[in-house]
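Shown next as structure tokens: one chain only, the form predicted alone.
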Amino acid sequence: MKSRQVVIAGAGVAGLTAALAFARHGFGVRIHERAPVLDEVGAGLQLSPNATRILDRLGVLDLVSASTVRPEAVVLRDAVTLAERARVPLGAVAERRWKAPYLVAHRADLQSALLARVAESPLIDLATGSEVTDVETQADGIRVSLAQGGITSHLESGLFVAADGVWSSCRRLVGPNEKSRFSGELAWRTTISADGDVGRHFAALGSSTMVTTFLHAGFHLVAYPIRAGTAINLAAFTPGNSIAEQWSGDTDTDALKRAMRGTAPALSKLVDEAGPWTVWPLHTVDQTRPWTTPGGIALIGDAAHAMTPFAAQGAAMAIEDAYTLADAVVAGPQTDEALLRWETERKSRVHKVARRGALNHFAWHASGPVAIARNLFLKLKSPQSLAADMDWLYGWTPPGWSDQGRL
């Protein structure tokens, strides 16, 4: 029975998806979240088809869909001239091509849908205000030490999954002093009402039915609708100095405004009027480090491989990790072998996604001759060709996908 028990640290997107994925195979799951309350953290996120097909199989997609938007396209615009540089068709085209929808959503809406499915499962228990303090590998499984309300307790299980995010306290379990590193980039975020004055100002710059990225040598700004189209998520990215390791904090926008020098006046006005902005440091994790141990410990999501968001795949990679880990453990035959095989396969894909993000950042921040070459390249690429370039990413399915059924 112990081998059919899984303990998960973290009730974010990765941890909740993992719980549903393991419960789908009949495992008993205990989720321990150190926060006493599951607060609304973050803002918008993009759910590409490689993620939504998994959410559909877990019965989550139908719950979250009502609060999402299916954008018509991803559009790249010059931040100085506002000229369109490229367009990748989404909407119905995406569903036909990749057999699943491309959605944009508020992170809290996705988390709420995952929590609703978790609450429905008799195999899953969720404890908040409960912190994993230690994990010991034993001859016959895993011993997890917990602290909750000043009381220490222990659990026995066959597998421990650390899904506690970019500032994971459990990462040390697979390697000494494994801390995330500041990437040199800051993320600035705010949300505006689509039908307010600022929302109408944005509509004059870019469609409220698309994902729009404004390109500039000093920054880039991504905008897209969330909350069923009632709000617009704005996210800007600039170089900067490291700040406190937390998800967000109010800050002066002078650094953002300096990075935006020379941009179209209408875009600068949008940033002035859209506040208040929150900012947080983008941290990454060395992806060459171990993600698993032979004793039955696995890291998933940002705990394993936090990356910059320039491929818009952070949530998707966490969802992929969670689903494929459960499948790998079920396929066996031994947990140690299954974890090693899973880690090898996932690292190959995650590294490729991270390289794509680095390429996007380089291209979006290009200047001078490099920017000219970029614009010429994009001009020569048709929308269909740009979509085909994403087949490897959006068209991906988990191993053995055709042999599986929906939860």
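Sequential numbering from 1, following the sequence displayed. Note that the structure is predicted; figures quoted are calculated from it, not measured.
Note that the form predicted together with a small molecule isn't included here; everything after this is about it.
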Using the partner position in the model of the complex, report whether A35 sits within 4.5 Å of the small molecule, counting heavy atoms only. yes
Though only this chain appears here, would Q46 touch the small molecule in the model of the complex if you measure heavy atom gaps against 4.5 Å? yes
4.5 angstroms heavy atom contact with the small molecule in the model of the complex for W277: no
Does the small molecule get within 4.5 angstroms of any non-hydrogen atom of E131 in the model of the complex? yes
Has each of V161, T324 and R346 got a heavy atom lying within 4.5 angstroms of the small molecule in the model of the complex? no
Select from the listed residues G240, G295, P309, P290 the one whose heavy atoms reach within 4.5 Å of the small molecule in the model of the complex. P309
May I ask you to choose, among T263, S157, Q313, T212, the residue with a heavy atom within 4.5 Å of the small molecule in the model of the complex? Q313
Using a 4.5 Å heavy atom cut-off, which of 76-84, 326-334, 297-305, 190-198 contacts the small molecule in the model of the complex? 297-305
